[in-house]
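Given next are two forms of a protein chain, the same chain in both, each as structure tokens and marked structure 1 or structure 2.
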Structure 1
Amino acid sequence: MKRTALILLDHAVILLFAGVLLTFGFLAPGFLSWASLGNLLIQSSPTAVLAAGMTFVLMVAGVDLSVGAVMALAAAVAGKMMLGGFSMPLALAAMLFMGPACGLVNGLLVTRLHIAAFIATLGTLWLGRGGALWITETRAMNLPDSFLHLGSSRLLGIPLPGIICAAVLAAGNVLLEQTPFGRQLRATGHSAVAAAKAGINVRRLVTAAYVICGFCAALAGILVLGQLGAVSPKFGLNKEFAAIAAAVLGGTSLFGGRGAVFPGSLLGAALIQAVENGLVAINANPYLYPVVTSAVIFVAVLLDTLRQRLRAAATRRIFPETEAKAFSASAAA
């Protein structure tokens, strides 16, 4: 009985996602059409990419509140360049340079100056927002249609944002699950002190996590620009919360050491987006949106908590003494 419950809870977010799709599919004909599902993929891609980057930071028990501001700053620079006559590839390259650079600043603040991640990234959030406002002069920058083509292009019938998202998630998954770097991240998240004792260069590892997160923020900014074709002063506002929510929904722990880029981040982002899209499709009362969305997030987190409790209980029973040894082994690897 408990085994069945565990299996069900292990796939709770997938089941919840399927439930949301089926419910709205029943209420709004056409919600499950290929075109509609394609929209869902395109619209959840930026959040999924952002959540993938956030997963790396959360894995080392950190947090990056500046991702939305980094998106805005990088997009503002790209917009300014485009309006100043630079080519689109150059503007995109500048964005992709700025993201990791901002991540490096965050990483150094956390690892070298020992500022708490929450405070350090809150500071860079305000710096980034201020910089973006300064560059845009608080005015919308309408970019050439070439940016919109980036968002609406397809490769073999698959939307380009979906392909970029898939590539990021695949790379993130390989990095996290199949490399020593990923295992060391997990170990550092469990206990930075133990990881350091096991010979891991914790400073470099944590800085790398922030750099990856910054890169993902810049990439998410490109994906959003591809959909909007414009940079506004509020570009990427509150995106950090969407990214954290999607990562946590996907099974990443806020306390470090546990998480998955795939399918976790994608599922989390797609679940939130599916609820919002479904509510539009059925022309729901606008006051219901926050209620329904937060209820779904709450149920997902509740199920995940139950799963953790059951799994922890099972682990204690099955591996009472070998748990610590297993951890040490993973850290050393």
Structure 2
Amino acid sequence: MKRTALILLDHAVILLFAGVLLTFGFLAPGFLSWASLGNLLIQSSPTAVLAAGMTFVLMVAGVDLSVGAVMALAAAVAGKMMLGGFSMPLALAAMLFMGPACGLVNGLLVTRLHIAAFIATLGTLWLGRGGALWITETRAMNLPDSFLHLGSSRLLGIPLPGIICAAVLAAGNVLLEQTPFGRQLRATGHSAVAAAKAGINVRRLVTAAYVICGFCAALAGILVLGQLGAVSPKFGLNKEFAAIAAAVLGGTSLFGGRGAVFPGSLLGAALIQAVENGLVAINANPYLYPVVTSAVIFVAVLLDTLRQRLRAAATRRIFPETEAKAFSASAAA
């Protein structure tokens, strides 16, 4: 019975996604059209890229609350450069530099100064958001049409944002599933002390996870700029919560040591975007949007908690003698 429940929880995002599509498809004719579903995937690509980066941080039992602010800061720098006469490739390069640089700061705060990840990234969230507002002077910056062309470009008939998202998810999946780096991330998430004793450089590994997350935040900022063509004071606002929810809905644990970039991050991001698009399609009250978003986050945390409890119970059943010996040793100590 518990095994069946665990299987259902592991595939909950698929069931929820199907339920959301069917519900809004019934309420809003045309919601399930191929054009609508294609737009849904394109619109969810920035969140999917963010969730992919967040997965690396969550794998080491950390969290990054600054990804939305990193998006805003990188976009503000790029916008200022473009309006100042710099070329678009140079502005994009600056964004891709800003992201990992901010991730490195987060990683050093956590690993070198031993500040709790929640506090460290909450501080850099306000620092990045304040920097973006200072650069933009709290005014929207309309960028040249070349950014919109970037978002609407196609390669072999496939939208460029979709290709970038697929490339990030594929690279992240290979990195996590088929390299020693990914195995070391899982080991660190399960127990940083045990990983250090096994010879893993935990500090370097955790810092690398935050750098990857920062890079994904900058790349997500580029994808959003390609869709909007402007940098507003609210650029990237609350995106960190959508990224965490998408990653957790996709099967990544908030407790560390377990997760996958594909298909988890993509499905989680698509589910969140489907809810947003569905609310627009049925002309729902805009004041309901934050309520629904908070409900999605609550469901994500609840699912992860239930998964964790069932796995812990299964582990106790499989290794009862080992657990008893460990408890006796800790009690004696």
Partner chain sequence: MKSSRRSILAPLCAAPLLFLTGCGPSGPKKPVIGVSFETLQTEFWVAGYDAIKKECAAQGYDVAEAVADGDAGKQLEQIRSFITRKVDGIIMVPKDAKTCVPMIKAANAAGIPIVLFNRGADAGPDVKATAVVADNTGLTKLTVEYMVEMARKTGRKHTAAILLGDLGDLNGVARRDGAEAALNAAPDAVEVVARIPTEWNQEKAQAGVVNALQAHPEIDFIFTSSDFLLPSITSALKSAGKYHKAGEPGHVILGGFDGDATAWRLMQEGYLDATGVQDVYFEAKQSVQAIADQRAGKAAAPSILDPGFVIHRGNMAEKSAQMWGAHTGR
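Just so it is clear, the structure is predicted and the values come from calculations on it, not from any experiment. Think of the rigid core as the biggest set of C-alphas that the two forms share within 1.5 Å after superposition. Here, residue number means position along structure 1's sequence, counting from 1.
> Which number goes with the form predicted on its own?
Number 2 is right.
> Could you check, with the core superposed, whether the Cα atom of Ala270 shifts 2 Å or more between the two structures?
False for Ala270: its C-alpha shift is below 2 Å.
> On a core-based superposition, does Ala300 travel 2 Å or more at its Cα between the two structures?
Yes, the C-alpha position differs by at least 2 Å between the two structures.
> Val291: how far does its C-alpha move between the two structures, core aligned, in angstrom?
Comparing between the two structures after core fitting, Val291 shifts 4.3 Å at its C-alpha.
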